[in-house]
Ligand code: ATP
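In structure tokens, one chain follows: the form predicted on its own.
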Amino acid sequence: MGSFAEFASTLERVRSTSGKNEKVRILSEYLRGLDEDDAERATRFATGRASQKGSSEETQTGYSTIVDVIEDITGLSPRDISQVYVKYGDLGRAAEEVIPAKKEMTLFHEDLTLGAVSKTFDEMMQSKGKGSTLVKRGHLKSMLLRASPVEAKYLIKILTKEMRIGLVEGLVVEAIAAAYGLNMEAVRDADLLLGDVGLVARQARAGKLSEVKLELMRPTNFMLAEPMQTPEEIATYYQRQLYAEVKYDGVRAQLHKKRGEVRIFSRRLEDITASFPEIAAAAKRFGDDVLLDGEIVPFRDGRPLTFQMLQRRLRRIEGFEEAQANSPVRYFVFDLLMLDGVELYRRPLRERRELLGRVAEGTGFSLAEMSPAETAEEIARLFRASRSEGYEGLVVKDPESPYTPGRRGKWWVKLKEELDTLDVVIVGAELGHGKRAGRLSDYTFAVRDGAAFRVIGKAYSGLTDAEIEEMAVKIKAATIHDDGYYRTVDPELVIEVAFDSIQKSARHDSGFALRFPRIKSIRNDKTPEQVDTLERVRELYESQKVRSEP
């Protein structure tokens, strides 16, 4: 059985090289020596996952639990560990540095293997309810006591899903193709269809890649839409009749029904069935086994509600009856990928849509609103109608389009608009994650309320690397208080942010929060006195067709 030390050593070599081809070569050579079971485990672990995508189980091991175990093993204080963490912005690398100081050792040393680590992760996932945290801590402590510093680093990177070694899933897929001498496109297609790189590696290692197909109760990747800016651009590009479908503001959801069982998966291929039991119950009315694509939308009295209403459902902080009363939902269905064991995703959308209409009849599920459109004027009219009903806009689809899992292209395009932009002032900055780990790239911002400034959100996208460096210099100069990870700064740096909507929020002292804020520009030409006001925020909130109410 493959050793975890060899796996960790391989990833260290991957991390230490910047060349993508060299990363692929190192990993492919390693995979070549593994059997099917270990090839599945190693590739999944390499992407920072402890379990298969679509699994209803997760280890649910948070930062605090991991830090507690490291403290227990090393005898270091929380402050000591925090200082090391701030240096790297990566808990795995922090563990690698402090683990040599561990004060405990196992009585009988036993090397970690990929299989043993996978089994321990499974046992952590199965631990639920009262006392589960202690059980998980025990399992993690047992592994870390047996681990070398570099093994400890990668155990924690997997648990936190923060690999950060420049090995994105696409490169793992390339390594699988190289390891087993397979066509790259065939492996990539299998990855998009299976939705889990570990399963791809298993099939590839076994020489069964050609047998990959859709399977009920196992999620596949979602087809994506390409953005276009105007109705004129869409009409000019296609020059033929299209399907214009309402773009709902909800949770994209894939529904699988097989005999008496139903499972619902999110766009991240996570099992969210428990968050929407009424949808799962209603899906049992389908007389056929189906695989559907659609959108779960907060909905009451014939009107959509704000997306914020879904958040409590997804976090499962209410019981079913309470959630159903406070945040009712409707599942709008717009595609049919599989029917009674027959794959339909390669067929034209017009055929899939016709079959969907028949299958959904009498189930109580709503078909997504769709109208034919060809000219810019027709698309614009349907877009305005969608917005007036409180929806985001339109998704325009080619009737001849196949369903292409995980791919973004112009078979489907989306047309939406930002609500507005606001000029705001930065009042705080923190260290980023991933490629921006250790850099001040996440900004808390505020609007003016008389002589005070009220926080309304946080943004971390929109700036180039050069702009982030420029802002970091200014933020350090404006720092009032430095907590290491977070800096409170004088309100003097102005940025313009775009956003999709405004919600009521108890999290910020403004009472509001921007949804999907992104930085549009740095406004060096404006002073803090010229930023937008809380009154302006209230006006924009009131102007929305859909508003969140407390």
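Residue numbers here begin at 1 and follow the sequence given. Quick caveat: nothing in here was measured; it's all calculated off a predicted structure.
Form predicted together with this ligand: not shown, discussed below.
Residue contact with this ligand in the predicted complex: K504 places no heavy atom within 4.5 Å of it.
Although the partner is absent from this view, R518 stays clear of this ligand in the predicted complex, with no non-hydrogen atom inside 4.5 angstroms. When this ligand is considered in the predicted complex, L224 lines it closely, a heavy atom lying within 4.5 Å. At a distance threshold of 4.5 angstroms between non-hydrogen atoms, E295 is in contact with this ligand in the predicted complex. Of the candidate stretches 181-189, 246-254, 138-146, 91-99, only 246-254 has residues with heavy atoms within 4.5 Å of this ligand in the predicted complex.
No member of the trio L193, K213 and R300 reaches this ligand in the predicted complex with any non-hydrogen atom inside 4.5 Å. Of the candidates Y85, F365, F307, W412, W412 is the one whose heavy atoms come within 4.5 Å of this ligand in the predicted complex; the others do not. Of the residues D271, D398, E162, D423, just one reaches this ligand in the predicted complex with a heavy atom at 4.5 Å or closer; this is D423. Counting a residue when any of its non-hydrogen atoms is within 4.5 Å of this ligand in the predicted complex, the one hit in 332-349 is F334.
The pair G390 and T533 is at least 3 angstroms farther apart at the CA level in the predicted complex than in the present model. Between the C-alpha atoms of R536 and G393, a gap narrowed by no less than 3 Å is obtained in the predicted complex, as opposed to the form on display.
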